[in-house]
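First, one chain by itself: the form predicted alone, in structure tokens.
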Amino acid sequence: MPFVDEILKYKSVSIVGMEKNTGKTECLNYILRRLGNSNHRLAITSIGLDGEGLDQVTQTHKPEIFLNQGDVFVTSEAHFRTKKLDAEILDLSRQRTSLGRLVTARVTGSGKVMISGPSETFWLKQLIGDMDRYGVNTTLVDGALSRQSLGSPAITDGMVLVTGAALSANMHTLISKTAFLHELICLPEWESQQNETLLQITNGLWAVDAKGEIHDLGIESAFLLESNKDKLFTHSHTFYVSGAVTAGLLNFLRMQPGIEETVIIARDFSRIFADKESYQAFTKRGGQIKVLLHTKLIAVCVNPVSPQGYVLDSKQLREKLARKLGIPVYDIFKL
């Protein structure tokens, strides 16, 4: 399938579901099956926890991740002990997650495993870089879109987005929500020599002036903007928001003088939690949003079946979504 072949061109690719039960793990397993007989060396890890047999929220069955001989995987000590395959340990991290240290291992006998990987972006970036030493060509990351997650799928070079009836049983709504996320994923990158410095900042609002210098505005949260108006435009109309870009922030800024000069820099698309209406109201007034981390969207996969039993027309969904997004859309169960 064309999008699977495209994955081979990237050093790292995340597979990201827009909602639980949209078919993210099925998509990952499909990719692993298709690439299982190739000479392309794969590594697999996750942002957070995935691969559990039962979804802890919806209590619906979740398929496990099946790995082939020669694959490298990274998971926690707790889940390494529950693996249903034979593996050779390659490395044990010094850092710990809530489920223990991370084990890097190579599969010596095919089977199933539960994957739980690095808990934050910089650790994930380092892990992907370390895969070279094990002869890995591409690292697949089971991604997450979560306000609570400190890790971001945007750290990977490429992305496969998975959507479906679990997001909405109404096709128009499903397409609208997916198209909005697609627009966020495609936000332009903020190009500056200060990008790495900005990525190190973990809290507050900061200004970036015309010379590229970074200034701490002393505003710890977007919720404190109203009481700190006098500080806001001291240096420029370009702001780095280290946390979530919310509807409240966009609505506040679009009502201020100089909105047409205002640029918000977000860490990446997954940090934008504003609704579509607030986002469009901000951009229509002339405001811009750019990101420090930008990833290439390779393809969109759809699952027309919801856990509640709703079934959408797969062909119609794929055709309408492909026209709306301008990129290929696949149903892995129809391939």
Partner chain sequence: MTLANAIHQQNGLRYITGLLQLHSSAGRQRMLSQKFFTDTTGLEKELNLLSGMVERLKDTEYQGAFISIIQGLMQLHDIQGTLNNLDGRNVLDDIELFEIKRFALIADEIGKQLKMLDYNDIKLPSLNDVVELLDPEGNRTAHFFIYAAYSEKLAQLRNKLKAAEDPQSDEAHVLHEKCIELEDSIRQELSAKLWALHSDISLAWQGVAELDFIMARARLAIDHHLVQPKISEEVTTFKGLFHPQVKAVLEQENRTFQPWDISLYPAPCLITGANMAGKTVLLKTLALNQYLFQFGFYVAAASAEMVTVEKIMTGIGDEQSELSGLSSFAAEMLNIQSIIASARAGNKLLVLIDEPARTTNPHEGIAIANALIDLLEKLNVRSLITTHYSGLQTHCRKLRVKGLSFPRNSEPITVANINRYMDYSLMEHSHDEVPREALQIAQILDIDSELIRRAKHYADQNEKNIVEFL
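Note that the structure is predicted; figures quoted are calculated from it, not measured. Numbering follows the first chain given and starts at 1.
Form predicted together with the partner chain: not shown, discussed below.
**Student:** Just to confirm, residue 89 within 4.5 Å of the partner chain in the predicted bound form by heavy atoms?
**Tutor:** Although the partner chain is absent here, residue 89 would touch it in the predicted bound form, with heavy atoms inside 4.5 Å.
**Student:** Going by a heavy atom distance of 4.5 Å, is residue 211 a contact of the partner chain in the predicted bound form?
**Tutor:** The answer is no: residue 211 has no heavy atom within 4.5 Å of the partner chain.
**Student:** Look up in the predicted bound form whether residue 265 has a non-hydrogen atom within 4.5 angstroms of the partner chain, and give yes or no.
**Tutor:** No.
**Student:** Answer with yes or no whether residue 194 is in contact with the partner chain in the predicted bound form, where contact means some heavy atom within 4.5 Å.
**Tutor:** Answer no; every heavy atom of residue 194 is more than 4.5 Å from the partner chain in the predicted bound form.
**Student:** Can you say which of 165 to 173, 122 to 130, 251 to 259, 103 to 111 gets within 4.5 Å of the partner chain in the predicted bound form, counting heavy atoms only?
**Tutor:** Partner-contacting stretch among the options: 103 to 111.
**Student:** The partner chain isn't shown here, but in the predicted bound form which of 242, 138, 93, 236 has a heavy atom within 4.5 Å of it?
**Tutor:** Only one option qualifies, and that one is 93.
**Student:** 183, 77, 216, 220: which sits within 4.5 Å of the partner chain in the predicted bound form by any heavy atom?
**Tutor:** Exactly one listed residue reaches within 4.5 Å, namely 77.
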